[in-house]
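Coming up is one lone chain in structure tokens, specifically the form predicted alone.
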Amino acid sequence: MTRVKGDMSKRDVSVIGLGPMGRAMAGAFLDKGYRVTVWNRTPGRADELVAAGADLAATVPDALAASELAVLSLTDHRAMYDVLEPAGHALPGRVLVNLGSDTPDSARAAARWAAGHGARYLTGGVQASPPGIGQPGSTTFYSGPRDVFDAHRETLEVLTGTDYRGEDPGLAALYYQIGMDLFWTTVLGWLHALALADAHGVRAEDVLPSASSVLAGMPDFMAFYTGRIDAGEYPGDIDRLTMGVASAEHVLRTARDAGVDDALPAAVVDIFRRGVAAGHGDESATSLVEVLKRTTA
């Protein structure tokens, strides 16, 4: 199956990579009446989509030939290169929207690679799980050439809301990884708290109300300190790092007394102590951002 360029329209889209996210994306396009071409290394993953009206491309060049816009749902940029490099001759004139995860630097390198093959490139950072694709309330960060984003915004908004971050192709990846940084450290903190609770015979269900209350207060906490952090100001008028050290040490000792893995609270204590050693003891604990900006020797 191959369409010639003259047959393509803004209602054509190719989806390359059919993991759970790719299948959800292709399904959302089909639901909105798009002519969808799909490709996956394991063709069987396309069976339900083909039954719903998608065209299955036999090869990656066929998938690229079918649509100006190709949405990539692959693990990372290494996977993108593995899939697209052998099909480099089919890339000129195509728009690649990479919705896989990787680092900002690798996104910039991928954009240069695409340009070298005659393609335009947008980086995306999807803030949704597969069930959220095509549903209201989810958003995807995008970055890259503004004209490319504007030209395909309507199509991309079939998947989620769009949040354009700028011309630098690394910005969408950066915002995505910032979110993942916050998400995974929060999840790990919650799981450690539950392990600590379990060591004392307390169930996760019993912890939920108090844990939810702590997290519910975080937006106000961040809003209060954000302006100060941007200004590089960390006055100890509300909290002091030395108080934070004592609190973190209490958490560490509680974990050790309970026989719970102490790697996470030990890491927190280490960072707090480094902040004090750097002269921030009488400042707010938010001064630790200055410690975190620098790698240790």
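Worth saying up front: this structure is predicted, and the values here are computed from it rather than measured. In case it trips you up, residue 1 is the first one in the sequence shown, and so on.
Omitted here: the form predicted together with a small molecule. The next part is about that form.
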Can you work out which of R45, H250, K32, R228 has a heavy atom no more than 4.5 Å from the small molecule in the predicted bound form? R45
Residues in which of 71-79, 194-202, 141-149, 207-215 have heavy atoms within 4.5 Å of the small molecule in the predicted bound form? 71-79
Heavy atom to heavy atom, is L99 within 4.5 Å of the small molecule in the predicted bound form? yes
Just to confirm, R256 within 4.5 Å of the small molecule in the predicted bound form by heavy atoms? no
Report yes if any heavy atom of V95 sits within 4.5 Å of a heavy atom of the small molecule in the predicted bound form; otherwise report no. no
Does any heavy atom of M21 come within 4.5 Å of a heavy atom of the small molecule in the predicted bound form? yes
Counting only heavy atoms and a 4.5 Å cut-off, does the small molecule in the predicted bound form sit next to every one of L241, G281 and S287? no
